[in-house]
Structures are given as C-alpha cells and as structure tokens.
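One chain follows as structure tokens, the form predicted alone.
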Amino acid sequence: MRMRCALGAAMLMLAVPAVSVTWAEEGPITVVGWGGNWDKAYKEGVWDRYTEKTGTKIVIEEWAGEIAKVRAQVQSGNVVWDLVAAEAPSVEIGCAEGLFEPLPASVTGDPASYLPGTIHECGVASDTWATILAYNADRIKGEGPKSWADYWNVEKFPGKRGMLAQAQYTLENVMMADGVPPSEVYNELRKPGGVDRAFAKLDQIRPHVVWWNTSTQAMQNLASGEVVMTDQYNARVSNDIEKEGKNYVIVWEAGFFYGTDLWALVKGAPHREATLKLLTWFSEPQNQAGFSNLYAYGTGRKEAADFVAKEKLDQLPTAPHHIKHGASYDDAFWVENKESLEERFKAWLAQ
C-alpha cells in the first residue's frame, strides 16, 4: 500500500435517519484502514464526528490490503470486519468473488457526482491519491521541469532521477514522457507494440535512474540529493513540504494518474445495517472532506472540494485545478496484465 496532515474549515453535518435496531445491529462497527496518519485522519476527521452525532462506536483496525484475509473470513463464515479500505483492483476481484456486498445507490448517491474510477458496484472511495512528478528546488535552480519529457531530458536537467521499480504506476509515466496525453495512455499500451514502445523509452532513461521500492526510500534519496527529481505518491511529498519545510515542487501540470482505495462492505458483516448507515452519511461530500482536511488525498465526490480548506485543497489531486491534468488508473488493464508486465519489468531490470 502506498503510505501516502492540520485541520481546516469546519464542515456541515447531516443527520442520520433514525432506525430502530438493537445494539448488536447498531455496533460497534469495525473498520479496517491503512494505519498510521491515514487512520488518524479518518478517526479525527470522520469516525469521531459520526460517533458524536449518532452514538455509534467505531473500532479501527489496520491491514496491508491482503484480500486473502477477507476471503478467509467469508469462506469460514466467521466474519469479524464490517468495512475495509481496499485498493480498487482488490475490490474488483473481491466483488466478483462475492467477498464484498454491492452497495445500493441510495447509500452512495448518484454515480455522476463522483470522479471517474472512484465509485464501484461494491465500493465507494475512501481516498484518491496520485503518482506525481516532484523535484528538489534546492538542487534544480530557476525554472524546473514542467513535463515527463523534462524528466527524461538529462541535458537540460542534469542529475539522477528516482523511479519506482515496478511496471504498475511507472509505465503510465513513461508513455506520458513519450508524448501520450493521460487520456490516451491505456489505448496506446493496448495497441500491438504499445508495451514495446514503453520499454524502449525506459531504455533511454535507465542509466540515470535510482530505483526505489518504498516511498520512504524515495524521499530519502530526494532529500539527500542522490536524485534531483522523482516519481512519488503526492501525500508523501506534501507532508515533507508541510511538516519538514522541504523545498520540493509537485509538477501537477506534467500530467498524473490517480488511484482510489474504496470502502467495501464485507459479505456477512456482523453490523451490516449500521455500516450501511455509516456509508450513507460518509457519502455526503461535506463528510468525505473531513478526511481530506487532515490528509493530502482526496475522496470521490466532486463536491467534496467545496468543503476542504484552501491550503489543503491545493495538495489534493482531486482539486479542480489539478484534476484537469490527471486521469484515472485503469484497474481492468492491470487486473488483466499485471502479472505478465511485472515479470517483464523484473527481467528488464535484471539485464
């Protein structure tokens, strides 16, 4: 999982319709998130507000996105989790397997109100993050890179580049560097020779790359000057700018892809009705914004941006002035091709 915070403006709160249920049905609801500051932001910005409003207690647990854990609970009939935040491809798989329950439109609201890729038959966005181009302005003086083509331009911008050592989240940037707009990247990758084109472009930059496997490693390389620019998850860069005073610049206009983790209701959840009530409340944009006001990831509802403090909004890939430069990761493409492309990428790295 990409471990990808200052409280903003106060937000409106919706009343949850009163429903007569027993305490066993009402809660406590067990929600499973990504840990660390991510869970902290959800607790302070969303869950505590819901508990204060309704009295429903919420227990927070942490995982690393292992869908096998959900599968084991459902198959054994011993379901202890109600709601999990899972990566979109995992929700796609889990929904097809019957591990997650389809969500009624009355719970999530009109799909047209959501950004592309942030709502699914079995899920609603918990967070929307982006893989962006960032550079160290202490190392690159004056005008910095403006595009992924500039990332490839070692004559104009000398120095090593950081790059994620895997195909997923990397090939998209490679295609943008080769002149493909974000909206056309997957069309090009699906064409005969499209993937070959991407690897040919990678060959050009390879001598200038420092590979990374964890975002912590990538940020250490950027801070030390081992690399002058890097691909990275946007919240990690924003956090170092905000909390550590780093002189980093996120180049939103270079183009980026955003991905989504989704809240998914586990099939057979012990507190199903209470969880659906929670999701109904959460699906209102002002309540989703409670997370984004504390963490530099967006959610799914377009209108949530209206309830995010201005200084935090500028950090979000879902901000209206940023999202115009972005496109959604194609989960279907990666479900179909991830295994083969990661094998090819690993073999390419070993050459």
Partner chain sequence: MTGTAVWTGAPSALRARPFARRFRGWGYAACVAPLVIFLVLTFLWPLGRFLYLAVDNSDIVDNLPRTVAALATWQRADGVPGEDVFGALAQDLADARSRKTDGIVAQLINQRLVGTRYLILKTAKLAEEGAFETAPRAAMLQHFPEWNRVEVWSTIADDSARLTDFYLLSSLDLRRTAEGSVAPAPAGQAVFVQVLLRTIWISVVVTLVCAVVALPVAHAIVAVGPTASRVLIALILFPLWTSLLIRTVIWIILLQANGPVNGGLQFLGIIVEPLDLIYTRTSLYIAMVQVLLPMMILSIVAVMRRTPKDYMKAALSLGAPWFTAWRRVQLPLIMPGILAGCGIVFVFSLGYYITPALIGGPKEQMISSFIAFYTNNTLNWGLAAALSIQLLLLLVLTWCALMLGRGLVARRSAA
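Treat the numbers as computed from the prediction; the structure is a model and nothing was measured. Residue numbers count along the first chain shown, from 1.
There is another form of the same protein, the form predicted together with the partner chain; it is not shown, and what comes next is about it.
Colleague: Counting only heavy atoms and a 4.5 Å cut-off, does the partner chain in the predicted bound form sit next to every one of 139, 224 and 342?
Modeller: Yes: each residue has a heavy atom within 4.5 Å of the partner.
Colleague: Would you classify residue 153 as touching the partner chain in the predicted bound form, given a 4.5 Å non-hydrogen atom cut-off?
Modeller: Answer no; every heavy atom of residue 153 is more than 4.5 Å from the partner chain in the predicted bound form.
Colleague: Since only the chain is shown here, I'm wondering whether residue 66 would be in contact with the partner chain in the predicted bound form (any heavy atom pair within 4.5 Å).
Modeller: Close contact exists here: in the predicted bound form, residue 66 approaches the partner chain to within 4.5 Å, heavy atoms only.
Colleague: Heavy atom to heavy atom, is residue 279 within 4.5 Å of the partner chain in the predicted bound form?
Modeller: No, no contact at 4.5 Å.
Colleague: Using a 4.5 angstroms cut-off on non-hydrogen atoms, would residue 160 count as touching the partner chain in the predicted bound form?
Modeller: Looking in the predicted bound form, residue contacts with the partner chain include residue 160, since a heavy atom lies within 4.5 Å.
Colleague: Check each of 184, 242, 97, 253 and return the one that places a heavy atom within 4.5 angstroms of the partner chain in the predicted bound form.
Modeller: Spelling it out, the residue with a heavy atom inside the cut-off is 97.
Colleague: Can you work out which of 115, 210, 189, 249 has a heavy atom no more than 4.5 Å from the partner chain in the predicted bound form?
Modeller: Checked against the cut-off, the match is 210.
Colleague: Go through 253 to 261, 231 to 239, 270 to 278, 216 to 224 and give me the stretch that gets within 4.5 Å of the partner chain in the predicted bound form, heavy atoms only.
Modeller: Single hit among the candidates: 216 to 224.
Colleague: Specify closer or farther for residue 210 and residue 64: how their Cα atoms are spaced in the predicted bound form versus the shown form, given a shift of 3 angstroms or more.
Modeller: Pair moves closer in the predicted bound form.
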